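Below sits a lone chain in structure tokens, taken as the form predicted alone.
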């Protein structure tokens, strides 16, 4: 085999072939752990809310300007994910403008609003409120996991009802396969240039943001190449019984939890980092609403973003309404109603304060193991697969 053929083969394996959910889960956990060691935990909603707040500020609904998106860490994390997923989509020639039919547009608007509501109640989406909450040893993550399962069950029931009663027709795709590799290379250059600027900035947080940008670009790349999506992980066991993504997500969650636990035990991050005052009601109710909505949307917090980066117009709509709704509701919850100060939706519960680190590790490992066993058993028996 010639050098050229060898390079083409490597390109195909790295940039064109889909990785397995297990590989994706392992890589995702590694990147999440590195990000928390480098700077802060991974999150999605804070960045979306920041973008929504800028829209509200632009139309005069907010008096004070929000933090600049390029210097606000939550926003930079989302920008990095978009870069990574866009680069992956373009280099694999999978980017294209996909315009949905009218029914999907309506669903996108409704689902986006509900995702904004659910993430406001839980103080995080399926990433900050569930995946990273459990990784950071918060009881709220377990409550949201329960809520997500209930919500996904409701969402799947709705989708099956919709299939029986409505026909979604129309939509089209504008393909850019011929130029997409060029767009990917341009995006890669822009990403590296942006990271270089951060690292060479005189601002104290410049280097931290530069590293965060690159790490979340890695997350976006991995998620796109594996089609890694927690909607799939929660939905498919009920819809088809298929559990491959759920198993990959469970493995990823376990590894992330173990790695972040070591980080907190070493004192590298404050114990209460990502332990939100939403246990139990906020996380549970928010999880139910968010879980149902993300099934209808076809993407969760992170899944919506990487689908935005591959040209899914439906998810563009979802993200816009998600961001605006979350920004509006959180403004009232934080500043007008003072929900968190009054403890209406819950409190902060850091599991090691109750059970110690050893007990917390055993409890969370057991919860994740139960999830893995359930989806594996259900895949074989189809006991919880919802029929038409």
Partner chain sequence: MVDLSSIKADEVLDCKGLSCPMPMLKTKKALQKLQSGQILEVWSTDPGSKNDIPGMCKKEGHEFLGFIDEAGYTRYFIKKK
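Being a predicted model, the structure only gives us computed values, none of them experimental. Numbering follows the first chain given and starts at 1.
Keep in mind that the form predicted in complex with the partner chain is not shown, yet the notes after this line are about it.
Highlighted residues 173, 227 and 310: every one comes within 4.5 Å of the partner chain in the predicted bound form, counting any heavy atom. None of 127 to 135, 182 to 190, 155 to 163, 254 to 262 except one has non-hydrogen atoms within 4.5 angstroms of the partner chain in the predicted bound form; the exception is 155 to 163. When you look in the predicted bound form, the only residue of 151, 210, 248, 298 with a non-hydrogen atom within 4.5 Å of the partner chain is 298. In the predicted bound form, the partner chain sits within 4.5 Å of a heavy atom belonging to residue 98. Contact between residue 18 and the partner chain in the predicted bound form is found at the 4.5 Å heavy atom cutoff. When the partner chain is considered in the predicted bound form, residue 205 lies well away from it, no heavy atom lying within 4.5 Å.
In the predicted bound form, the partner chain stays beyond 4.5 Å of every heavy atom belonging to residue 201. Interface residues of 35 to 57, taken as those with a heavy atom within 4.5 Å of the partner chain in the predicted bound form (partner not displayed), are absent.
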